[in-house]
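Consider the single chain below, provided in structure tokens and representing the form predicted on its own.
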Amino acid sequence: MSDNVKAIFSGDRCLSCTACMAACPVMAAIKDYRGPKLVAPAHGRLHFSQEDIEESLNYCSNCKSCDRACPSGVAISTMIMLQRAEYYKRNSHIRAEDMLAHTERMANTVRSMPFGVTLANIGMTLGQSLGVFSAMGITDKRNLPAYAEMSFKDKFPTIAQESSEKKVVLFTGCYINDNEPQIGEAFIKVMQANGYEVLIDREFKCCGSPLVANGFLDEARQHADNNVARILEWKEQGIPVVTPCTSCSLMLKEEYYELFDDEDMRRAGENVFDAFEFLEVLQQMDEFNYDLNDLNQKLLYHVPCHLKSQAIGLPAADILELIGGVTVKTANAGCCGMSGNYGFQKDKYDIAMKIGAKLFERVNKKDFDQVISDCHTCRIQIEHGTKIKPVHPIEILAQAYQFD
């Protein structure tokens, strides 16, 4: 938000201009959703009274397109998430919402058991084919992401690094830690090439984005309080917290403060950077390492919605185009439709795929060497819709720094 007006009161700024509705990808995909203007500002003015919960509330994907479109700075998506939390104070969650909101808890449980990862990966395949997930409310039309054999945090002590007085703390997020630890390794390679030692903080919890989206706001507050305390401790030491996950960076930098209106959360957000945002800071300080191998690749870049909402431009594209022979074209095809765990929900799958159709069409032109995107669920959606596997931009940069 642009100033200190609480999110719930920002609805008073609404001009009823319908810009949010015109920008909403869900409204374009399904007529049953009455739109962000009605669900957020209109009901926000009523302080989400018990008798007036909007029936189509659950359709919002929290992509934040409405926020970016609003000319008056209304915290539309945050108001919707607050209203969703109010709804679940009086209504029960279905199994799918509980499961998709607690991916960190599930991963920790799996990794605590002998052969847990192998059994879980087999179980997810069987659960999908036997209709178990469908009965829980999770779509059986797409695979759930497999767990990596070893989490990034467990692998971290074995990763060789040169020590340095310059340090950053890596906030992995759940997906990099449990599903794609190679992205964390690529981040370390990039930071080492730029003279930084990477630390991790095992006391960090999931940023809380999936909890918020599924209405577990009290639990998300617990995660926020924990993470903010850790970030502030690193801030006191002059060590920034950096994350390659755009949903995590948005949550840590901005959404905690919007949701909970705690000044410590605003202060903590000042010490958090998206990975490529931090690399641009190094450029500004004349600390960036330009000694890059030529790669000669055409990259198609799907820009995540949660990166757009940070209003920091396209730092990944700007940095990658420093590599010899690399060109980056943005897909310019709107939201992918996945929106975190939205596209995993059985009743949202068709909506997510309809939203993503324009992006799939663009990717299927195949006029590039690689597709890149900073967001893991965007990458999941692109691969599902096109059978073309995208990579994280940090992996491309790590390749350019490889000299052995």
Partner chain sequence: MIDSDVIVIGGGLAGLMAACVAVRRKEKVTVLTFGSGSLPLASGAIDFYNSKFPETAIKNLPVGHPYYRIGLPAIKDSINFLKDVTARANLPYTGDLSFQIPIVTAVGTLKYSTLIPESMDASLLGDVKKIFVVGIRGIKDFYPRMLVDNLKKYFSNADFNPVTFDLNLLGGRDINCMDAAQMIADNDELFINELKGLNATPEDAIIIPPVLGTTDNSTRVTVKTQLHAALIETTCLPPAPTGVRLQRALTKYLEDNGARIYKNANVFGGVVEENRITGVVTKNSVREKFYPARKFILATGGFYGGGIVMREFDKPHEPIFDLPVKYIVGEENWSNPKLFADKPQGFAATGIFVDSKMRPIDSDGQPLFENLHVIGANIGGKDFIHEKSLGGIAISSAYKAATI
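Positions refer to the first chain, counted from 1. These numbers were taken from a predicted model, which means no experiment stands behind them.
There is another form of the same protein, the form predicted together with its partner chain; it is not shown, and what comes next is about it.
Q: Decide yes or no: are Met124, Ala146 and Asp369 jointly within 4.5 Å of its partner chain in the model of the complex, with each residue judged by its heavy atoms?
A: Answer is no for this spot.
Q. Taking the shortest heavy atom distance, is Ser112 within 4.5 Å of its partner chain in the model of the complex?
A. No.
Q) Would Pro71 sit within 4.5 Å of its partner chain in the model of the complex, counting heavy atoms only? A) Result yes; Pro71 sits at the interface with its partner chain in the model of the complex.
Q) Does Arg266 reach its partner chain in the model of the complex, with heavy atoms at most 4.5 Å apart? A) Arg266: contacts its partner chain in the model of the complex.
Q: Using the partner position in the model of the complex, report whether Glu254 sits within 4.5 Å of its partner chain, counting heavy atoms only.
A: Taking the distances in the model of the complex, the answer for Glu254 is yes, it comes within 4.5 Å of its partner chain.
Q.
Within 4.5 Å, heavy atoms only, one stretch in 162 to 170, 274 to 282, 104 to 112, 76 to 84 touches its partner chain in the model of the complex. Which?
A. Looking at the other structure, the answer is 274 to 282.
Q.
Can you work out which of Ile312, Val132, Leu232, Met150 has a heavy atom no more than 4.5 Å from its partner chain in the model of the complex?
A. Going through each option in turn, the one that passes is Ile312.
(Q) Under a 4.5 angstroms heavy atom criterion, identify the one residue in Glu270, Glu197, Asp154, Asp225 near its partner chain in the model of the complex. (A) It is Glu270.
Q | Neighbours of its partner chain in the model of the complex among 19 to 36 [non-hydrogen atom within 4.5 angstroms] | A | Residues within 4.5 Å: Ala19, Met21, Ala22, Met27, Ala28, Ile30, Lys31, Asp32, Tyr33, Arg34.
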